[in-house]
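Only one chain is given next, in structure tokens, and it is the form predicted on its own.
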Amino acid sequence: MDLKKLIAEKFKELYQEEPLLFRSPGRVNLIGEHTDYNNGFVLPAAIEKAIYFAISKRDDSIVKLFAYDLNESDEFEISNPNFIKGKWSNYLKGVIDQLNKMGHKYSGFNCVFGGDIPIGAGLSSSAALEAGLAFALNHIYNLGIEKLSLVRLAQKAENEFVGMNCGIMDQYINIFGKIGNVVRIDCQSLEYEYFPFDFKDISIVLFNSLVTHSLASSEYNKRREECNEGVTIIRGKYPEVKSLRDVSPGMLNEFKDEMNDVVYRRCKYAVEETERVIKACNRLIEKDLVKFGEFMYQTHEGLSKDYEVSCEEMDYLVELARKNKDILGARMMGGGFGGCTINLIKDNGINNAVENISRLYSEKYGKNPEVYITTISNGTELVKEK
């Protein structure tokens, strides 16, 4: 029995009724890392790994949640989605909190959820929880929230309730993902454009370093502060500058001596990365994946040396990828300090690449990286009516 059927069956066992079923995907980001909160461009895609929500209305104001993968439950009043440190339900409670703040009228619900998005691998399981539940509740209660507002709601759930100061990319691609396409999101205007990514002989392959994000949350917020510090310095001369999106490399170099080395390098990476996304999209239009892949390697170099959010294991995985002729591009993906590298690999070389990289990584670190071969999917959607 496949996962979505298991989720639906568990729901029927717990609540003795037929649910609606929704699918909320994880995501990869091909290029454009740590640019979203600097109002730059990102280039993500929704993937087939997902969280499934089985859900139904209740007549009272009680929310009953069951996490299938953890075999744990939680229950609370809609009017009191209290934060509990370290609790998985905070990601879902944050959505309830935002709906309440927006003044929406709805009642309680029963929900069973579970999925196959690896936790801590940088595939944005948290956004899949937040945006998936927001989408489902919008549907079952006919709340009339349009797609971009759902994105903002889900992002605020993580920013304000969970306390992770993330940008908007993960929630955006969760709602706007489209099969066979990557989405270039302008994080300043929130406009988007689809670019076809349907190469028949190339796969997106993730190597999970199995290094956990122990530093990711605090260091993520610190990088935002460092970028903002750079913007403040630049704004002293250029008051029109609102974010690093408004800064050119030449403009940034004017302030090299006024910034400390760390702040300068953080800003340098973010400014260069936004330009790289635009160039990379032009390569997709030309179907030049070789040059596109080279931009991915440049991104990793910047993330490792200037932004300093990589780690030894991630750098080694990318180093091994560079030595493999069947891998066109690779870089670390996500917040950093662990998680996955994303690789563009020729289909006829996948087995060899996986075998060699896994062997060498295991010899060096004593563990085999988990490997996920992904396909691009639609964003959050209704899977099955009652």
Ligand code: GLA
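One rule holds for the numbers: they count along the sequence shown, beginning at 1. The shown structure was predicted, so the numbers you read here are calculated from the model rather than taken from an experiment.
Below, we turn to the form predicted together with ligand GLA, even though it does not appear here.
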Can you check whether residue 334 is within 4.5 Å of ligand GLA in the model of the complex, heavy atom basis?
yes
Does residue 37 make contact with ligand GLA in the model of the complex, using a 4.5 Å heavy atom cut-off? yes
Can you work out whether residue 167 and ligand GLA are in contact in the model of the complex, taking contact to mean some heavy atom pair no more than 4.5 Å apart? yes
Is residue 113 close to ligand GLA in the model of the complex, meaning a heavy atom pair under 4.5 Å apart or at it?
no
If we test each of 220, 109, 176, 91 for a heavy atom within 4.5 Å of ligand GLA in the model of the complex, the one that passes is 220
Answer among 159-167, 258-266, 294-302, 71-79 for heavy atoms within 4.5 Å of ligand GLA in the model of the complex: the stretch 159-167
Near ligand GLA in the model of the complex, with a heavy atom at 4.5 Å or closer, the residues from 15-33 are 27, 32, 33
